[in-house]
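Single chain ahead, written as structure tokens, the form predicted on its own.
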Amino acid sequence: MNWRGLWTLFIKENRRFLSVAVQTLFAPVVTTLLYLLVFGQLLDEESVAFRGVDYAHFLVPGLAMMALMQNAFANSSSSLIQSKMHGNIVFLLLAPLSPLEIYLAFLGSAVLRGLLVGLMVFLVGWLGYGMSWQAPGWILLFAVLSGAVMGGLGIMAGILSEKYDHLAAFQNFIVVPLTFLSGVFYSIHQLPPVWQQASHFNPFFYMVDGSRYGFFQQSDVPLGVSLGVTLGFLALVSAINLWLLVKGVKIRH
């Protein structure tokens, strides 16, 4: 492993999004908090998702995970598509870095940005609503795994997209719908039976549900199921990305 090269690329990717922190960190937090203000205030007394849990408290972990996932995806996908469109991806390909090292550097930066945004959303929820947590280890584990999954999907989208329109389609027709239908705003037990079954085919649902278990030690599906699905999906996404990087699909050709 070329650890110095991997670390250098990782730092470069971090500096890229930190240099425009207002856009990459603070703007997503403000947007997410608007959901909390609207839904948390209007539905707090009308919706009970988990036993003994106020709706606003139920909503905060879901919104933090939604922000984390969407920003982890945006970080890696935007970096790759910009490099391809501007033509400077050739410098990355000429560097003495293996496909695995490139993948890990982009993935690590995506996870870091996702964690920072998710943490800021949670801190606001903690200050405003007195949030607490029961099992912080599970929260951190699912946050890191979810950021890795979404960062991996962002790498895949960045590799396969040939222009910004392709990336926008990937985000608008796949990432955003699956994120909003992942149980961020509701427990799937509040849905009709057919939609409850459909939710089990959404891998994003298991990431949100597993993270929420860390806060309330309550979840819609067993914790082991959420962990297994998340790990399996991460392994699948990573395998596909490494194959794409090794073959140089839409990068070297």
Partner chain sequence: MSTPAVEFQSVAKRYGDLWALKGIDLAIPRGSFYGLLGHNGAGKSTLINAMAGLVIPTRGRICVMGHDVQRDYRASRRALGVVPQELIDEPFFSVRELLELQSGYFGLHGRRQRAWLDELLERLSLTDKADVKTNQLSGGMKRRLLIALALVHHPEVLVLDEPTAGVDVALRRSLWAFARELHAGGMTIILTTHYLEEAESLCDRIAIIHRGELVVEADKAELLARSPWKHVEIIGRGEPSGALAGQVCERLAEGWRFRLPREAGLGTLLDQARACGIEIEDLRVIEPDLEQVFLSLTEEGA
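Positions refer to the first chain, counted from 1. Keep in mind the model is a prediction, meaning the values are calculated, not measured.
What follows is about the form predicted together with its partner chain, which we do not show.
Undergrad: Does Asn88 reach its partner chain in the predicted complex, with heavy atoms at most 4.5 Å apart?
TA: Asn88: contacts its partner chain in the predicted complex.
Undergrad: Is there a heavy atom of Leu127 no more than 4.5 Å from a heavy atom of its partner chain in the predicted complex?
TA: Leu127: no contact with its partner chain in the predicted complex.
Undergrad: Though only this chain appears here, would Ser98 touch its partner chain in the predicted complex if you measure heavy atom gaps against 4.5 Å?
TA: Yes - in the predicted complex, heavy atoms of Ser98 and its partner chain come within 4.5 Å of each other.
Undergrad: Might Val22 be said to contact its partner chain in the predicted complex, defining contact as any heavy atom within 4.5 Å?
TA: Heavy-atom contact with its partner chain at 4.5 Å: absent for Val22.
Undergrad: Would you mind picking the one in Ala135, Leu140, Ile174, Leu93 that has a heavy atom within 4.5 Å of its partner chain in the predicted complex?
TA: Selected option: Leu93.
Undergrad: Can you check 99 to 107, 112 to 120, 140 to 148, 174 to 182 and let me know which stretch has heavy atoms within 4.5 Å of its partner chain in the predicted complex?
TA: In the other structure, the partner sits against 99 to 107.
Undergrad: Need the contact residues for 139 to 164: heavy atom within 4.5 Å of its partner chain in the predicted complex, sequence order, or none if there are none.
TA: Not one residue comes within 4.5 Å of the partner.
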